[in-house]
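The chain below stands alone and is given in structure tokens; this is the form predicted on its own.
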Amino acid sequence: MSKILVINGSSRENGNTEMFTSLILKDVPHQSIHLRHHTIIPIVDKRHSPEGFTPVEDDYDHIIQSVLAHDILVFATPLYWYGMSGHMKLFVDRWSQSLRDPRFDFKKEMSKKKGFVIICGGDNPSIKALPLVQQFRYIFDFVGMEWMGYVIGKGNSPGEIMQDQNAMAQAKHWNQYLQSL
């Protein structure tokens, strides 16, 4: 059985993104990290500096160690202003630091993983979230992570995701697939 980690970028407790993710992962063994419960500090980009990045005392290292310990990564984010949440973006931005981390070969480790994306938002997300899907594809491609797929659900006001019949059908499909792994 694969080890699944959900990286949830929602800033809202029990919001549509969490509801949608819970349906997709119902009865599927997994761990979850809610980025809003962790401190990830922005850093100065020193990718090209000989000395590399300055160490930062925050929760990023703990989170990235958990990422490296799992086989399937589920990135769950609301569609905020037609992109990923700030929590998720800050987390992914810190990957630049991991690329220079001498403790591991980040790209090699990430290339052993599969990635899946869950997006939930309002304002016609089935169309307007597609650039975000493409952004995740580029991110996964950059680190060599296998693309599993994505789902997009419509949900703006609390609980609205439950009314999106297409999203509910996709949740059922992906739940059955993930249970089969």
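Only a predicted model underlies this, so the values are computations on that prediction, with no experimental measurement involved. Residue positions are given as counts along the sequence shown, with the first one as 1.
Note that the form predicted together with another copy of the chain isn't included here; everything after this is about it.
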Report the residue, out of K114, H30, R137, H70, that has at least one non-hydrogen atom within 4.5 angstroms of another copy of the chain in the model of the complex. R137
Under a 4.5 Å heavy atom criterion, is Q65 part of the interface with another copy of the chain in the model of the complex? no
Should P131 be counted as a contact of another copy of the chain in the model of the complex, where contact means heavy atoms within 4.5 Å? yes
My question is simply whether Q170 lines the interface with another copy of the chain in the model of the complex - judged by any non-hydrogen atom within 4.5 Å. yes
Decide whether V143 counts as a contact residue for another copy of the chain in the model of the complex under a heavy atom distance cut-off of 4.5 Å. yes
Sequence order please: the residues of 86 to 102 with a heavy atom within 4.5 Å of another copy of the chain in the model of the complex. G86, H87, K89, L90, V92, D93, W95, S96, L99
